[in-house]
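In the form predicted alone, a lone chain appears below as structure tokens.
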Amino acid sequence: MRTPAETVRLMTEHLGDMGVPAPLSGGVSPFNVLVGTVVSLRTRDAVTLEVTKRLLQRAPTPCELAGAPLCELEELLRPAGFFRVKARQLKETARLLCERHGGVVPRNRDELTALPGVGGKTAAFVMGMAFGIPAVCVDVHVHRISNRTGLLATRTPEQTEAGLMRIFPREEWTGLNHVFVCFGQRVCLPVRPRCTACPLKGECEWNP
């Protein structure tokens, strides 16, 4: 049985050049990462790249975003999934950043998740990628692959987060998300995974 480190190494080597995570398309400043991560939810990477860039060009700071008309934000976000909801959330988040945090994105998980539309997954991504605070960001890919490959046997993303934090050293937490997401998009698809091309074949529920 492979160790967790060996599993991730095989995934990483198989993927080769993974590029940068789509939410980082606007850069690694905390505000840009926060905006990009919210845009990326239920949205394809190519659309995330396009929409995040366009939105940040129009409103590069929280206060500029807070002051932008909602209808304009909706139009900028239109290609993304749930664009009307995201427009309201981002506008309100920007307002709270300006009014409560001096226009600065907080680095505290509780303060981040108090912002509209920011759940544990988004908070973990921002903490890890923008602030360098080790955090495990669990999305559908991370949860699915962790269980398919036998790394974990969990029912919820919260259990998966706790499990990955337990079996991987702290310094590796932040990088796990990008590897798992790329692997989930290219190889371990939700339906009809490409098992014949998988470096982990023989050690998951799909290809025993």
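Predicted model, so just to flag it, every value in this text is computed and none were measured. We number the residues from 1 along the sequence you see.
Keep in mind that the form predicted in complex with the DNA is not shown, yet the notes after this line are about it.
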item: Contact residue in the model of the complex, chosen from Met165, Ala68, Leu152, Leu41 - any heavy atom within 4.5 Å of the DNA; value: Leu41
item: Contact test in the model of the complex: Gln185 vs the DNA, heavy atoms, 4.5 Å; value: yes
item: Partner contact for Ile133 in the model of the complex: the DNA, 4.5 angstroms, heavy atom; value: no
item: Partner contact for Val85 in the model of the complex: the DNA, 4.5 angstroms, heavy atom; value: yes
item: Gly102 within 4.5 Å of the DNA in the model of the complex, heavy atoms; value: no
item: Heavy atom within 4.5 Å of the DNA in the model of the complex - qualifying residues of 112-151; value: Leu115, Pro116, Gly117, Val118, Gly119, Gly120, Lys121, Thr122, Phe125, Asp139, Val140, His141
